[in-house]
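Shown here is one chain on its own, the form predicted alone, set out as structure tokens.
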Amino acid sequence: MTDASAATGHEASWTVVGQHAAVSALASAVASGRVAHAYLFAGPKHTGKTLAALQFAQALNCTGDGPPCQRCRQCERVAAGGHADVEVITVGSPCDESEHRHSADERDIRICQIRRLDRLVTRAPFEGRCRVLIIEPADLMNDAAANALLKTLEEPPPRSVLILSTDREELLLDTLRSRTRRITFTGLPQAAIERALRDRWDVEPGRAAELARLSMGRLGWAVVALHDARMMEEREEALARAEELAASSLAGRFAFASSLGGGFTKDRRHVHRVLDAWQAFWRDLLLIASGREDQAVHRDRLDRLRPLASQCTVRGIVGALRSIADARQQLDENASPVLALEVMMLALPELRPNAVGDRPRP
């Protein structure tokens, strides 16, 4: 059964794949007129949060039947990114300060951008019924911006909806989270992603199966990877480097930590993508070491991964995964990027390349 055929009632016109509970909650809110003034869309990256936010904005402004109808002028304007009352606030978004020049290379969402949001929500909608402002990723608001948003949420204006979208809700202020209605997004089963790629994007079965496996539950990632060859190349490079560093000397590890950490301020997203690949690499080693090789993601690397896994204990690999997670948390908390990555490198097990049947090391 396809995702479209599974949708019923007010959900039928939504195209978000697999997030039935989330879509049902949003569609019911629109149908009943019981729309909250602020929502928290929480869940892993690439699971449909942005699409759901935009379709919610369509539904709130739709003038057709079965909102979002996807056919009326309001729905079309939102889909095209030109609706005057619907806006995404993110890193690099503009503010009202004429002397400020924002770019996507910045590391956070700033207070001047939230002050602009505050001015927007106090105005009546210009071309629709409801003004919808989406903050994504909300966890990248700096402290001043988060506190400024809190004041807005304490006195919500009428005919406006705020949506905070994040895959790291633990980084948000508790006071922000408590003033929003939480909508949960989850990773999808591999079979659901594979089916969606075949049915909606006409991907041939073998390619669909590969992307579904690599996506680790994130349909959005699979769709981006389908159209962006560089994304797959970058992932392959990161996996190769993770394998190389597993068998590298401490000096080699520290040299790479210095290089990667040194570029964090300029391109923090690249660093997080590298750590994503490293987590996937060590996760596959964990599955192989624990006798669940059939669940490994990188099936084309099994011949290279087995000798490495044979040198590890399950406890050692779990420690490696924990060290990567700790490094990510420290980066989010604005610790020294180089120091955080060096500490991570110290915790990774030292392996030897092409060593088969070695005695596991802790």
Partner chain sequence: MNVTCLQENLARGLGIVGRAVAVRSTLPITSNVLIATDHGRIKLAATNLDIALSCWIGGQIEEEGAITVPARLLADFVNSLPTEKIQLSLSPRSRQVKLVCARNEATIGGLDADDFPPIPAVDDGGTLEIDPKMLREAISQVVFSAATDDSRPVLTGIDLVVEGDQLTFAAADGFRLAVRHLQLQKKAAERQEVIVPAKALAELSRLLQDQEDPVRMTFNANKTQVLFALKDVELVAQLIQGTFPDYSRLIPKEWGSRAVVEVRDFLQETKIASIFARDGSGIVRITFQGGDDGTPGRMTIAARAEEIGDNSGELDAQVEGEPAKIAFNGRYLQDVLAVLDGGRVALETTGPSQPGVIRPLDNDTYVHVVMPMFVQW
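Since we're looking at a predicted model, the values are computed, not measured. Numbering follows the first chain given and starts at 1.
There is another form of this protein, the form predicted in complex with its partner chain, and it is not shown here; the text below is about that form.
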**Item:** One residue of 97, 170, 233, 154 in contact with its partner chain, assessed in the model of the complex (non-hydrogen atom, 4.5 angstroms)
**Value:** 97
**Asked** Looking at 125, 217, 137, 220, which has any heavy atom no more than 4.5 Å from its partner chain in the model of the complex?
**Response** 125
**in the model of the complex, residue 110 touching its partner chain (heavy atom, 4.5 Å)** = no
**Asked** Using 4.5 Å between non-hydrogen atoms, is residue 227 touching its partner chain in the model of the complex?
**Response** no
**Prompt:** Does residue 84 make contact with its partner chain in the model of the complex, using a 4.5 Å heavy atom cut-off?
**Reply:** yes
**Message:** Taking its partner chain as it sits in the model of the complex, is residue 101 in contact with it (heavy atom to heavy atom, 4.5 Å or less)?
**Reply:** yes
**Asked** Counting only heavy atoms and a 4.5 Å cut-off, does its partner chain in the model of the complex sit next to every one of 195, 198 and 273?
**Response** no
**Request:** Report the stretch among 236-244, 203-211, 170-178, 126-134 that approaches its partner chain in the model of the complex to within 4.5 Å, counting heavy atoms only.
**Result:** 126-134
**Asked** Heavy atom within 4.5 Å of its partner chain in the model of the complex: which residues of 139-160 qualify?
**Response** 151, 158, 159
